[in-house]
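One chain comes next, on its own, written out as structure tokens in the form predicted alone.
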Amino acid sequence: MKNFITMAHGGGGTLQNDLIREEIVKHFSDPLLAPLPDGAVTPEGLVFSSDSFVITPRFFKGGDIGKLAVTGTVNDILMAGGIPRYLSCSLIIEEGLSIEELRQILSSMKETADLCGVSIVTGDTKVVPKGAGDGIYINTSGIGFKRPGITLGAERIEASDKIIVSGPAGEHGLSIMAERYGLESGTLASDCAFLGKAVELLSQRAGNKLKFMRDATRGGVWGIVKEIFENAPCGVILEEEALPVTPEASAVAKLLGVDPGFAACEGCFVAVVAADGAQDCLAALRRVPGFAHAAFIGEASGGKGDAVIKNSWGALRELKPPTGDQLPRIC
């Protein structure tokens, strides 16, 4: 661990994971926090999550910081097996932000909250001097109720369970990179989206055969799978060629020398499903609008913590996330 914080500590890679485990979590010892969930499930059946959003640019193809702040927290509640209901909205605004831009962001939050079926019911506002922020930062916390009929946890994963990804990889991170660097990216846009309909259908189809879910935000699909199987009782073998990637995302990734499997998503999730229910779940998921490219990308196999990727030639390599994010401040 370095003696000071760098941008890489916020990037979703190994440095951020080390910071969380070695410096933060030990100060807040609690069995609900120990698995480092995106959303904690309390003994009373509440699902609680919190997230902060510092993205630049604030408006981007496919969304804006307001839409991202709502869907990000709502999706975390969904991934924890919850039905989202209420959000808070806390704003840290830099002096000089235009009122018109603030109105656009807040209108986007309201529109997205209505789409997600949640209410924004509390919050806070602070203003910092010019130069002490970057326009606006948003924190949203959310509360929901545990979805009946499913129990999620990495400890439930067993050998032969199938790994499903709900859609193309890396579209959010690669779209943001393209905008920042002024690259021509065609129709590529952030996949920022509400995952509720897909999760509801998957939960109904799979029931308790659904073992785990996590949205593929910082760290991307490969990073999230690595994180899941660090806490599972077995390992995973991934199929590199099975990962869905759009031609536009692939082109940007090649230009930047980036692996799209490690680029962030904001409308894509990874699910682990028992083998005997996986094919039906995949077929059903592909029928949900926006999820036609869902795919199997591997299966649970091997010893605890093992994570390998098989290429098109059948060669295996260890799955190693980057030290930091390939581009910071993408959410």
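If you're wondering where the values come from, they're calculated on a predicted model, not measured in any experiment. In this text, residue numbers run from 1 along the sequence as written.
Here the subject shifts to the form predicted in complex with a further copy of the same chain, a form of this protein not shown in this document.
For a further copy of the same chain in the predicted bound form, the listed stretch (190 to 198, 226 to 234, 114 to 122, 203 to 211) containing residues with heavy atoms inside 4.5 Å is 114 to 122. D134 belongs to the set of residues with a heavy atom inside 4.5 Å of a further copy of the same chain in the predicted bound form.
A residue is said to contact a partner when one of its heavy atoms sits within 4.5 Å of a partner heavy atom; S301 fails this definition for a further copy of the same chain in the predicted bound form, lying far away. Using a 4.5 angstroms threshold between heavy atoms, S88 counts as touching a further copy of the same chain in the predicted bound form. Contact annotation: S141 falls within 4.5 Å of a further copy of the same chain in the predicted bound form, judged by heavy atom distances. Annotation for 217 to 246: the only interface residue with a further copy of the same chain in the predicted bound form is R218 [heavy atom within 4.5 Å].
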